[in-house]
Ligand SMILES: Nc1ncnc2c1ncn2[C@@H]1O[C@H](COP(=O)(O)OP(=O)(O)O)[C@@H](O)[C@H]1O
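A lone chain, given as structure tokens: the form predicted alone.
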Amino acid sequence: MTKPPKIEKFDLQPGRIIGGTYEVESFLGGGYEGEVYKVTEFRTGVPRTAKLYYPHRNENDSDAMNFARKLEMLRDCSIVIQYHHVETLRIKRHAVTCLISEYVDGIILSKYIASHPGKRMPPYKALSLIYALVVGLEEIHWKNEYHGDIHSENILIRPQGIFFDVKLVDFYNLGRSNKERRKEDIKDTITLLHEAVGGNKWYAKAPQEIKDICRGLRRDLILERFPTVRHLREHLETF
């Protein structure tokens, strides 16, 4: 069997036509699996997001298809970006799988946190953000699924007054869903709260309400207090 070509970078430039249907607008980001671009659909002028997979990271299309199926299964969850369809593109003379999904205009959370004085959000603001994430994550867990990679580079936000519209940029495939993987989502979400209020540098000065949730980032103490995402959501609703 021929091995998939090893492509480490697509480097698509604005104005490039892909699939005969989309024009590249800008590069949005990249990672282990591939690269993500903002594109415009010719016939409608509607912006979309195109995720292109490096062929050697996506053997037999397994990663791309798992991601597409998960997005489709979770399409009615409020924090999940809407999947549209899959394309096969010819790039650098090779077939490349591309997933087309809705384009969400927003700010990557890590950049939003860094924009605050001292690179830390006020506690009330951080709690509001985490609450929005937790409400959406509970919908995912209710469907017996998990995210697997919650961190500040994987979340897109749109501030709306003191509230936040939150979208998960990506999912990580660790295999079948189980309680331990859902518990890891809870731990990662609380780690995100810790980061949002300034991380280790500012944790000692954080309000007790924050410390009662973060619990020194000890996984055992966190999951003892919040064994499910519902418990965390209900706790946040007491503020």
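Just so you know, these numbers come straight off a predicted model, no measurement behind them. We number the residues from 1 along the sequence you see.
Not pictured, yet referred to below: the form predicted in complex with this ligand.
May I ask you to choose, among Thr49, Thr189, Asn58, Ser177, the residue with a heavy atom within 4.5 Å of this ligand in the model of the complex? Looking at the other structure, the residue within range turns out to be Thr49.
Since exactly one of Tyr83, Phe164, Tyr103, Tyr112 fits, which has a heavy atom within 4.5 Å of this ligand in the model of the complex? Spelling it out, the residue with a heavy atom inside the cut-off is Tyr103.
Option from 112-120, 164-172, 89-97, 127-135 whose residues, in the model of the complex, bring a heavy atom within 4.5 Å of this ligand: Looking at the partner contacts, the answer comes out as 164-172.
Even though the partner isn't displayed, in the model of the complex is Leu156 close enough to this ligand, meaning a heavy atom within 4.5 Å? Although this ligand is absent here, Leu156 would touch it in the model of the complex, with heavy atoms inside 4.5 Å.
Distance check, Cys77 to this ligand in the model of the complex, heavy atom within 4.5 Å: No, no contact at 4.5 Å.
With the partner left out of view, is Pro207 within 4.5 angstroms of this ligand in the model of the complex by any non-hydrogen atom? Because no heavy atom of Pro207 falls inside 4.5 Å of this ligand in the model of the complex, the answer is no.
With a cut-off of 4.5 Å between heavy atoms, is Asp185 one of the residues that contacts this ligand in the model of the complex? Answer no; every heavy atom of Asp185 is more than 4.5 Å from this ligand in the model of the complex.
At a 4.5 angstroms cut-off on non-hydrogen atoms, which residues of 112-140 are near this ligand in the model of the complex? List them in order. Stretch hits: zero.
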